[in-house]
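Only one chain is given next, in structure tokens, and it is the form predicted on its own.
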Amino acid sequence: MRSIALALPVMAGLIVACQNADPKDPEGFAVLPEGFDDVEIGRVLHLSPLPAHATDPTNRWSDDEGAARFGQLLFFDERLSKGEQHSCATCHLPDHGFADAHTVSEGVARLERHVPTLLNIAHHRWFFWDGRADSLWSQACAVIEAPLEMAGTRLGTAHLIASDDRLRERYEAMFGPLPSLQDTERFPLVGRPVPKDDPAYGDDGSHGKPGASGQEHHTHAAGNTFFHPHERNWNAMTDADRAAVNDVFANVGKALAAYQHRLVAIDSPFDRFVRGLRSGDAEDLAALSPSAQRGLHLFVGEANCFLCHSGPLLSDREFHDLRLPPGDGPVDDLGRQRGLEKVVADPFNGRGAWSDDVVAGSEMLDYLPQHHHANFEFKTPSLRNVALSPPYMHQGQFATLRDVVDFYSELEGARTSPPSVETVVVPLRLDEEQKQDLVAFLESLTGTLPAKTWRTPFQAESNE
């Protein structure tokens, strides 16, 4: 990339561009900053505003206020986890952009990836870095039972709700009566189905990471068949009782998703600047500093950042191999290819028995082009509010936004083997001013946070 010398005066450089442009037309613009051409401004206009998120058809409670408040109770409740020491908010810190400050997050045990932000999460179509969940509610269910994260169980979750008057009252007001769980032989206090690649299995049947083969984790080293206690309890139940517990567990996930749908942060300086491009309003146009404007010009121009960070979410919502250097997680993390296998097998996916719209859910899964995905591909994160949630990338490889920009500039330390099937990034060879300008633009993407009543534990007297 050739060196770029851009000079964008603050407001004097804004000139009338399109005589026929209608500021009310979302594709039109009233002013054109010096240095931008019509094509680049067209790209800018497609980045803002972020519209209201679509309702999740597989979760009929996704936009329900009561479900959201119930989900808020659950989000901050440590009793969902093994040992009652970890809640969703333990890693998704409200004061850190609902993300984690660690490179690789710490749940009940050390995770393998960095926990990303939940701000504007309702706009995503795949969840987790590898997309192994196709809805926010199925993602929530997976986290509760993940042995490295919360290490809870669906039976334990159902018993918690049944034993807590506040939770029980709110649950039954939304979803109807709970099953009768008093008989703990019929409904054990803990239990869940345990997949063969579950980290709860070691090669000797003990808790720990599974063996390198990824197979036969149910077989003890001595040759005896081993069943995790969670699995023994779950398998001892009747099909009808397991289905009743799954109903409760899916509803918990749907309530957590309804809460997370309220975690919206928009109206950033960048959004106000784009509004000014359409209206000609000088105050809105002044929301973006000259440096951030130059960074925006790079973003939609010669740096080509917009190719992956596209649309109002500033993410194409797809998966790419960026040849990232190793981070604090496992070097053999294969990303999307493994995620594809898991999302199709998930009983809580959009075409499963607990989906509220199997037809819509099937559209997500029936035509997945699995052959298009190679190893080491991870989801393109949204850049909205990105300054709030360092570190960055799926294993927290970069501590600051400047570190991210430096990597894209030189690709220093980029993985060279095995090769990717796609070439997403090439060295940008940015100079110092360009790096500063791109960081200034990224910092301008911070929006207004959700109201405090959504960012703190639910208090009925203050929230209702």
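The first residue of the shown sequence is 1; numbering continues from there. Because the structure is predicted, anything quoted here is derived from the model rather than measured.
Although not depicted, the form predicted together with heme C (HEC) is the subject of the following passage.
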| query | finding |
| --- | --- |
| Stretch from 284-292, 179-187, 136-144, 264-272 whose residues place a heavy atom within 4.5 Å of heme C (HEC) in the predicted bound form | 136-144 |
| Residue 304, heavy atom within 4.5 angstroms of heme C (HEC) in the predicted bound form | yes |
| Touches heme C (HEC) in the predicted bound form: residue 438 (any heavy atom, 4.5 Å) | yes |
| Contact label in the predicted bound form: residue 336 to heme C (HEC), heavy atom within 4.5 Å | no |
| Heme C (HEC) contact in the predicted bound form: residue 118, any heavy atom under 4.5 Å | yes |
| Contact check for 59, 192 and 234 against heme C (HEC) in the predicted bound form, heavy atom at 4.5 Å | no |
| The unique member of 249, 299, 171, 354 whose heavy atoms fall within 4.5 Å of heme C (HEC) in the predicted bound form | 299 |
| Interface residue in the predicted bound form among 349, 72, 157, 105, criterion: non-hydrogen atom within 4.5 angstroms of heme C (HEC) | 105 |
| Partner contacts for 380-404, taking heme C (HEC) in the predicted bound form and a 4.5 Å heavy atom cut-off | 380, 381, 383, 386, 392, 393, 394, 401, 404 |
